[in-house]
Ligand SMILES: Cc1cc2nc3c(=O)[nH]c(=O)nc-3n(C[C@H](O)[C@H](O)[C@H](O)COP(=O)(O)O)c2cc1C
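There is one chain below, alone, in structure tokens, taken in the form predicted on its own.
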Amino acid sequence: MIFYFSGVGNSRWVAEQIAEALDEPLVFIPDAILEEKSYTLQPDERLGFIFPTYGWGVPTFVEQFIARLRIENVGYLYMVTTCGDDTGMTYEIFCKDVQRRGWTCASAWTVQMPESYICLPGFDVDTPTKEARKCQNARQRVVDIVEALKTRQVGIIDTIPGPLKWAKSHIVRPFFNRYLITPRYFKATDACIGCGKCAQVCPYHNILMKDKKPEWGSDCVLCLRCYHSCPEHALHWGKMTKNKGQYLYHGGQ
């Protein structure tokens, strides 16, 4: 079984490839939260968590989901995280999250994918050439991960911590989670045509259309699906996203 979250489609693509190759069920974390189901794994069934790196760590909503997940017969457990650049200490943070449940992370991987975070200075989407290269490399990367998972390999820590990993995950990440995971800076410009696409794609159903304009609720996880999906590029997060690009996973074609 694989539990996953994805905003722009990077982690969804990785999760779908692995689930299909291993013939295992795939569950979208927001759906699992809404349904409040209990799960029982089959004998020898793997348990995977696939998600994007948030502020050089595990997204807080994924951590909360792990803490509350009702599941039995957990054996072989693994993590795959996606990122645009590097992951800091995401692996170590994830290990602590599952250890609190009495579980052990057997192996962990990172798949570098096109950049989608654009809410800080210096962050923007990748060039088309760089995007295509990352997608091409990711295909082989996922093939290698699948081969390791088929034989339930243990002790693989194939992540991309990058430089200054402790500072990024233990100094920048708390600031990121406290002050930057917020919908308060979202706004629709006059270019908005009131199509409602942003509300349709929000994974947490956090956007409502009022007088043909989007309004964001309090359940935003800043996945930026709304921003990247807007056909008129009419949504912005304060001034940080001005003149920046949009990206949704489309296979790197």
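The shown structure was predicted, so the numbers you read here are calculated from the model rather than taken from an experiment. In case it trips you up, residue 1 is the first one in the sequence shown, and so on.
Quick note: we don't show the form predicted together with the named molecule, though the next part is all about it.
Colleague: Report whether the minimum heavy atom distance between residue 176 and the named molecule in the predicted bound form is within 4.5 Å.
Modeller: Heavy-atom contact with the named molecule at 4.5 Å: present for residue 176.
Colleague: Is residue 71 close enough to the named molecule in the predicted bound form to count, meaning some heavy atom within 4.5 Å?
Modeller: Looking in the predicted bound form, residue contacts with the named molecule do not include residue 71, since no heavy atom lies within 4.5 Å.
Colleague: Does the named molecule get within 4.5 angstroms of any non-hydrogen atom of residue 181 in the predicted bound form?
Modeller: Answer yes; at least one heavy atom of residue 181 falls within 4.5 Å of the named molecule in the predicted bound form.
Colleague: Can you tell me whether residue 159 touches the named molecule? I mean in the predicted bound form, with a 4.5 angstroms heavy atom cut-off.
Modeller: Heavy-atom contact with the named molecule at 4.5 Å: absent for residue 159.
Colleague: Please pick, from 224, 32, 66, 47, the one residue with any non-hydrogen atom lying within 4.5 angstroms of the named molecule in the predicted bound form.
Modeller: After the contact test, the surviving option is 224.
Colleague: Looking at 95-103, 72-80, 109-117, 141-149, which lies within 4.5 angstroms of the named molecule in the predicted bound form, counting heavy atoms?
Modeller: So the stretch in question is 109-117.
Colleague: Scan 82-96 and note down the residues that get a heavy atom within 4.5 Å of the named molecule in the predicted bound form; none is a fine answer too.
Modeller: Result: 82, 83, 84, 85, 86.
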